[in-house]
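Just one chain follows, in the form predicted alone, and it is written as structure tokens.
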Amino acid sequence: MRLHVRHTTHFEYNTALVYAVQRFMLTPLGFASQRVESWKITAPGMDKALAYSDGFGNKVHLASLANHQGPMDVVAEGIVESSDAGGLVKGIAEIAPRAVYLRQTPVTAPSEAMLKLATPVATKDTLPFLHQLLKQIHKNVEYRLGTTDNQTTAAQAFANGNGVCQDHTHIFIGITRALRLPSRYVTGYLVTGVGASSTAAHAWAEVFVPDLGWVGFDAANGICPTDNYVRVAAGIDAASVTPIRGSRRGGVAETMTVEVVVEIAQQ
């Protein structure tokens, strides 16, 4: 499926920016089930931006600007052709050792209640277990906007019984890492309907399954990623793959709004 993505981040400041450096993790990679037909990031300083691959293999751009007046937009846009591989991810170079994806972070560390959730569905067969865990998390944690934020931990979201895709993903990888299964946090996009938009990108997990490889699991929707998904970046948790991160001097009282539109592109 050919998908057209437009991800716009709008910044407002009440004073001028003296200097700013921004890291953009907004560029998808091509692999066996995903082909990037076209992709462009438009932002102040992109003409001189440094492009590199980070320790997880993600494509990153580092841009700087000085003496900027007024609002600022960062737009990532392009067309990606994806195919349904049942969640299987092949053809991406592994830069970081798999053991890195066993390390819990403060937001993924599982509670006793989370670990008890895994007990009834645990089997010796890894893949069936992961599919059952996916269903259990989807059932027990309701998708509800505005109930969590960037600081919410997996344990807190699970205890409250609600959250967004970030929380579902942290819960999933917190449990799988506790069971010694390498798991990574993935950001990307999901087409949800004609002309539909959202205020954020999407997130899901990938787990390394022995004798199979990396497989994606979207606990927020209770499914493995299909050709409706565009994969962008992966890391150990949400903070490691934030689409835009930076520092600045000046630009007091920053406000940020995000709009993501993903549509099926014409053939």
Partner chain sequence: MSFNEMLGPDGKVRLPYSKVESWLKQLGPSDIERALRECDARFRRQGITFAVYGDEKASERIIPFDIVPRIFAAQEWRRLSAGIEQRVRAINAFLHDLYHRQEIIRAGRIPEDVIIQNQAFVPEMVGVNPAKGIYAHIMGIDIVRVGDNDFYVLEDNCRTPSGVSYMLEDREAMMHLFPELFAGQRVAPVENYPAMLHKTLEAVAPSSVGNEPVIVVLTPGIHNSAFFEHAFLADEMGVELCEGGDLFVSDGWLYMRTTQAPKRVDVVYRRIDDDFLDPLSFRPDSSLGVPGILDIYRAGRVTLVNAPGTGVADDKSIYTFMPDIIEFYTGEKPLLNNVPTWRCSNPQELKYVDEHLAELVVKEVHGSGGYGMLVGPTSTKSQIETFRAKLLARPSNYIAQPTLALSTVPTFVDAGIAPRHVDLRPFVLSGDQVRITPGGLTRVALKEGSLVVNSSQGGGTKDTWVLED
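Numbering follows the first chain given and starts at 1. In this text, all values refer to a predicted model and were calculated from it rather than measured experimentally.
The following text describes the form predicted in complex with its partner chain, which does not appear among the structures shown.
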Could you confirm whether Leu179 comes within 4.5 Å of its partner chain in the predicted bound form, counting heavy atoms only?
-> no
Counting only non-hydrogen atoms and a 4.5 angstroms cut-off, does Asp54 reach its partner chain in the predicted bound form?
-> yes
Would Val21 show up as a contact with its partner chain in the predicted bound form if we use heavy atoms at 4.5 Å?
-> yes
Mark Gln104 yes when one of its heavy atoms lies within 4.5 Å of a heavy atom of its partner chain in the predicted bound form, and no otherwise.
-> yes
Just one of Leu88, Ile95, Ala159, Leu115 has a heavy atom within 4.5 angstroms of its partner chain in the predicted bound form, so which one?
-> Ile95
Students should find that, of Ala200, Ala32, Val60, Leu212, the residue having a non-hydrogen atom no more than 4.5 angstroms from its partner chain in the predicted bound form is Val60
Work out which of the listed stretches, 220-228, 203-211, 33-41, 46-54, brings a heavy atom within 4.5 angstroms of its partner chain in the predicted bound form.
-> 46-54
Stretch 231-251: residues contacting its partner chain in the predicted bound form, 4.5 Å heavy atom cut-off = Ile236, Arg245, Gly246, Ser247, Arg249
